[in-house]
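Next up is one chain by itself, shown in structure tokens, the form predicted alone.
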């Protein structure tokens, strides 16, 4: 009986790990608000990025406002490698990142340790 119980618990743990790392999870997304030829989006950094996918309009100056709530040192920076941006995110302070929207496409951002990611879509 003990072997069966251990087998069931082991299979459940393996199933959870597979779901956690490879499952198709719902991702929060946002489209920037365009006002007076400027656009901006607010992102909360708390165990990841929310929203995780941001859509911007091409050719309109854009800012992304990050507010880090998480005390983890992993999330204390945000890196947009395609734009050459590596910015510190002090805890509980809004940090503005200006994005060049002249080129359309999909771009990634990540934390300083490259463990948490987001996607920027410019169209």
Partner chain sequence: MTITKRFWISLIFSLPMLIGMILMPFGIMIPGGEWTQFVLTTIVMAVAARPFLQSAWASFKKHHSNMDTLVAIGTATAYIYSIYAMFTNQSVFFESAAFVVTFVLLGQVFEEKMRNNASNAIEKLVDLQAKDAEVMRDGKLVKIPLSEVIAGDLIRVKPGQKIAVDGVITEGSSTVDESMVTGESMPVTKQVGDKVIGSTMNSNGTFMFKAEKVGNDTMLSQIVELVKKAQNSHAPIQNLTDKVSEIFVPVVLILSILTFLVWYVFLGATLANALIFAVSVVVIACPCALGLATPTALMVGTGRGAKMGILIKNGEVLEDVNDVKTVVMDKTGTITKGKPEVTDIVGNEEQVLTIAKTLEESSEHPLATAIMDKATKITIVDKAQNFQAIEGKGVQAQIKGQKAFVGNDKLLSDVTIDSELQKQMIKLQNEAKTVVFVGLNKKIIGLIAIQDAPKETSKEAIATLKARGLRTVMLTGDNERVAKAIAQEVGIDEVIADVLPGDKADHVQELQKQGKVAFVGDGINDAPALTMADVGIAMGSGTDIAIESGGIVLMKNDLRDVAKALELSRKTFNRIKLNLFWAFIYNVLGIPVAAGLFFAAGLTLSPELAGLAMAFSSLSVVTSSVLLNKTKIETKVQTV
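Positions refer to the first chain, counted from 1. As the structure is a computational prediction, the values presented were derived from the model and not from experiment. Rigid core: the largest C-alpha set superposing within 1.5 Å between the two forms.
Form predicted in complex with its partner chain: not shown, discussed below.
Heavy atoms of residue 59 never reach within 4.5 Å of its partner chain in the model of the complex, leaving it off the interface. Heavy atoms of residue 47 reach within 4.5 Å of its partner chain in the model of the complex, making it an interface residue. Although the partner is absent here, residue 10 sits close enough that one of its heavy atoms falls within 4.5 Å of its partner chain in the model of the complex. Mapping the unseen interface onto this chain, residue 106 falls outside it, with no heavy atom inside 4.5 Å of its partner chain in the model of the complex. Shown without its partner, the chain has 49, 50, 52, 70, 71, 72, 73, 74, 76, 77, 79 in segment 49-80 as residues with a non-hydrogen atom within 4.5 angstroms of its partner chain in the model of the complex. Once the cores line up, the CA of residue 105 ends up less than 2 angstroms apart between this form and the one not shown. Once the cores line up, the CA of residue 9 ends up 2 angstroms or more apart between this form and the one not shown. The Cα position of residue 115 differs by less than 2 Å between this form and the one not shown after fitting on the rigid core.
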